[in-house]
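In structure tokens, one chain follows: the form predicted on its own.
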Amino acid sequence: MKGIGIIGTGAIAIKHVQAIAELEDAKVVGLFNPNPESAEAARTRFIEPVFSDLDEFLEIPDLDIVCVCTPSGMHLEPSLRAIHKGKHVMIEKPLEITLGRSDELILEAEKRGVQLAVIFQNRFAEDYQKLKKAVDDGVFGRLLMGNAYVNWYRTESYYASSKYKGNIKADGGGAFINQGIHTLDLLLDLMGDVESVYAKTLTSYHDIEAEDLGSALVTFKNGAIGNLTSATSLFPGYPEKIEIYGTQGSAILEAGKLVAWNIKGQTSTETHQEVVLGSGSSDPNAIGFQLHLAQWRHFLNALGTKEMPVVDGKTARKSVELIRAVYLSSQQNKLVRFPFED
């Protein structure tokens, strides 16, 4: 039985507690919030002990894995403390908000011989895995284009509810690194590594520091191209979408569901499934915890078999790299080629 401790006591921590409660071979042994008042308030929401002293939290006798659910720009320090204590670490997306901070985590985990993984639970959706297998098997032929659209909406109260949301130092940015990163991770998994990016981001609607609207043109190393959009200013907010086009066919994945599947010489499949769950297009709390549960099961199995987690630190770094390139391209109004200086 693995003991899991959670750093953070907010909404996403609750999803992890719900998911871990379904596991047969793991349990939550404690949570941590550095603010004593917030920790005290959290004790009314969780049956597990809540600590406000990090050293005390990391000394929990049965603690094997630390799950980090802090704001994105605050992943590095508590994760390093856990790694130095010999704990495996699972981090809520993104890995971190810069390549330098991401690389420090990857290096330290390797040096200490612990596993480092990042939550990208949408990789475990059944229809996404069907699409991934088809791409890997060459069903669509040579890939020509891969598009990712995250045209979402957030109310003013969403940003007003937290001093971290839309704050570049705390979150690393806005719509791309916070909302869009899950879909960009899937696109990278399907299309492969990036060669270059040209992008434009704007703060178009909300009174925030970071971007709430952006688009980019990507060239992949396999020669394909792609279009990216990410926003929290596009009312009313539509489900995220991935489009894959190849020489032999195409498919569209919307909110984790395949809504189109067209292969040359075969009868086309247009499912037009009604998307009712799993998308945070207008409500950030609309997601469930079942895909988190699937990723936790995979992670625990990887620990038991000494295999790599499906989204380890180096894999998770790729989405950070893409988003940092988007920001750099927009700031400098120029094409950014990979690799680049962050």
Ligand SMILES: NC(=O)c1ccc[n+]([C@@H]2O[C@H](COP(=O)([O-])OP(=O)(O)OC[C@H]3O[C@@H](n4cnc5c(N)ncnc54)[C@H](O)[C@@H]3O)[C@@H](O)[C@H]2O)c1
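Small disclaimer: the values here were computed from a predicted structure and weren't measured. Heads up: residue numbers just count along the shown sequence, starting at 1.
Just so you know, the form predicted in complex with this ligand exists too; it's not on screen, but the next bit is about it.
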Exercise. Would His182 count as touching this ligand in the model of the complex under a 4.5 Å heavy atom rule?
Worked result: yes
Interface membership of Thr201, this ligand in the model of the complex, 4.5 Å heavy atom rule: no
When the contact criterion is heavy atoms within 4.5 Å, does Trp296 count as touching this ligand in the model of the complex? no
I'd like to check something about Val139: if you look in the model of the complex, is any of its heavy atoms closer than or equal to 4.5 Å to a heavy atom of this ligand?
no
None of Leu80, Met74, Ile225, Ile106 but one has a heavy atom within 4.5 Å of this ligand in the model of the complex; the exception is Met74
Interface check vs this ligand in the model of the complex: of Tyr128, Tyr164, Trp261, Tyr238, the one with a heavy atom inside 4.5 Å is Tyr164
With a 4.5 Å heavy atom cut-off to this ligand in the model of the complex, the contacting stretch among 92-100, 107-115, 131-139, 251-259 is 92-100
